[in-house]
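Provided below as structure tokens are two forms of one protein chain, presented individually as structure 1 and structure 2.
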Structure 1
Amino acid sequence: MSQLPVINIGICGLGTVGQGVWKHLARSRAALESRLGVRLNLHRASVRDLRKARTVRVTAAKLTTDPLAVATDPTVHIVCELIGGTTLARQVTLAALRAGKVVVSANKALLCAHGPEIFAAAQKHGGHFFFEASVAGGIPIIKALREGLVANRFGRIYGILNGTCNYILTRMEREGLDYPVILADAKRLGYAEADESLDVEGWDTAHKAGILAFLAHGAWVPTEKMLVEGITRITQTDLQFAREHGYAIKLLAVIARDFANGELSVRVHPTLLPLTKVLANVNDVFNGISVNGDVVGETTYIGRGAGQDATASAVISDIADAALLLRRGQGCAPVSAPAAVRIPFAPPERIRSRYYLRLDVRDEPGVLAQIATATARAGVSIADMVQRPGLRPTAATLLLTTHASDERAIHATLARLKQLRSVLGTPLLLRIADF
């Protein structure tokens, strides 16, 4: 073994993911080394707080508080950026790429915000950027899209891409708890982002959807061009209504390409998904992605979408690819993403859907008629309406679904409803998936 070339690995960030990578690399090193034909040396790591207790043993000599020192250390071959955020992480990533190193990253926010700059830096300086852990935790979806499905054009990709939100929605439904209580558990289990609003407001899913759109179509869709809604307004009433009518509520990303006019759309929103769909039954921290390719048809991927071990699995797969690349040379570089192209983005108003509305209203005569009139005037047809007890004796909760309509008409409906004295607060609007 001692004659094998040595690959030095530097890990920037020894938090949930970094410690998982350290732990599993240490455990599986011998097996990996014999398969890859290299020695994998956990050479250095950086943290913010040297005194913090860790679940892995790292000698003091290997630790620093300066991630840039790891990124630019000439003896480090592979730099794992596992810090998170888009400021220091960007500096670390660019510094390592400019030094011609291989960077392995789990950072979807960084990639979504600075993807073109990162790939340009890698190309210019002979570095490489691997990012399997950035989308869907342990599911090898990047490899699947880029390599396994390279023959295909992708009309639609949709999926559950955030483990924290799926964990929250699943436990809310099963246990009747409110979301803040469960969010605390998701944080303790290492599922949530340091800034958990990225998870529950839908931005983390949007970042991941942006990466999948880039891999499938070669275009970076700015998040401002996406419809992004989170799960913070979902209540027991909505989950119960959905279940009784044959749906589960899931936070979905939908990446759709209309090959007739070329338009691409990326959107993220909680969705009533029919229970007959596989993804409606993907629960807890699991993610699920359905990819529709014009050659292969539909393929579906399910696995743990967050957490230390699942994410470490994806990071280590990139480290293995990086080690082979360093040992065997450019011939082992992964298939590149499609060439960057300018693609027209479909505005969110183009969405057609059936809709679910939850309204809190005054419980008094004539209210149902007012609501029916408001929806009819906006050109939206009600398919189903039920009344539930309201938050106080003089109020009621109305749950209604519509026939297929579009975003313009449904937002016109909402505007009319909000003007009614009988409608209390802001109605909740969810989309019903028909795919």
Structure 2
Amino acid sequence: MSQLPVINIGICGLGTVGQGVWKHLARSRAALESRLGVRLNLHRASVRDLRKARTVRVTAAKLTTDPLAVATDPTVHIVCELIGGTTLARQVTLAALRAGKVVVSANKALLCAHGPEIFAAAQKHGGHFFFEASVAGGIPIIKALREGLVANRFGRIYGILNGTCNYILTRMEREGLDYPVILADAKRLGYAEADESLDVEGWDTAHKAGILAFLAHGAWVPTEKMLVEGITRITQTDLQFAREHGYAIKLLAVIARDFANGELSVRVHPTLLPLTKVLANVNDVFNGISVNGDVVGETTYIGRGAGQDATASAVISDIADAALLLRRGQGCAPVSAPAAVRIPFAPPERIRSRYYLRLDVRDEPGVLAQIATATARAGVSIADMVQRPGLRPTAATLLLTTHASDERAIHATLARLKQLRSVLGTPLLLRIADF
């Protein structure tokens, strides 16, 4: 073993994930070294507080408070960026790539915000960037898209990419409790952050959807070009309707490409997904992704989407590929800079779906006629309507589903409905998946 080449690993950020990587690398190092034909040396790690107690034992000589010192250390071959955020993490990543190093990252926000710059730096300076842990935790979806499914064009990828939202929706469904109650419990159990907005408003999922869109189609889609909606307005009324009609409500990322005209759409929203679909039955903190390829058909991937061990598993997978790359140019080929190809985004009128609408209305004569007129004038056809008791005696709740329509028409419908004196508050709009 002593004659094997040594690969020095530096970890920037020894938080939950960083400690998981250190722990599992140390535990399984002998087996990995035998398979890879290299020695893996946990060489240095950066931390914010040298005195903080940790679950892994690291000698003081290997610790520093300066992540840039780790990134630029000439003896470090692989830099694991596990800091999080997009400021210091970007500096560390670019410094390592400019030094020609391999960077392994779990940072989806960084990649979504600065992906083109990162890959350009890697290409220019001979570095490499691996990011399996940035999407869906322990699910090897990036390897699947880049390697196992390389022969395919992807008409549609959709998935549950946020464990916090899936946990909240699962418990709301099972226990009949309202969103604020489950959210508070999720925070207490550590499944939701103190500021939960990044998760529950859909932005964490949007970052991951952007990465999947790049991998599948070579295009970076900024979040302002996406349709992004969260789960905060979902109620027991919506969940009951879904259950009675054979659906589950899931927060989905949907990346769709129409190869007839080349148009791409990326959207994140709560969706009524038929219970016959595998992902409709993916619950709790688990993630699931369905990939539709023109050669292979539909493939589905399910696993833990977050947490120390699942994320560490993906990071170590990238470390192993990086070690093979450094040793003999083998292993997983690193992602290159995106090609200079402009992909048009689908306009709203070409993003089609069926829709579910929940409206609180005044319980008085003529209301149904007003609503039917408003939808018809916007070009939306009502397929079904159910009336439920309202929040007060003088109100009612209407649950509508539509025939297939499009985003432009349904938003015109919402605008007309909001103008009606009989409609109380803002209607809730959900998409119905007919994949």
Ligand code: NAP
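In this text, rigid core is short for the largest set of C-alphas that superpose within 1.5 Å between two forms. Throughout, residue numbering runs from 1 along the sequence of structure 1. Since we're looking at a predicted model, the values are computed, not measured.
Shown as structure 2 is the form predicted on its own, with the alternative form given as structure 1. After superposition on the rigid core, displacement of the C-alpha of residue 229 between structure 1 and structure 2 stays below 2 Å. Superposed on the core, the two forms barely differ at residue 147: its CA moves less than 2 Å between structure 1 and structure 2. Residue 50: CA moves 2 Å or more between structure 1 and structure 2 after rigid-core fitting. Superposing the rigid core and comparing between structure 1 and structure 2 gives a CA shift of 5.1 Å at residue 184.
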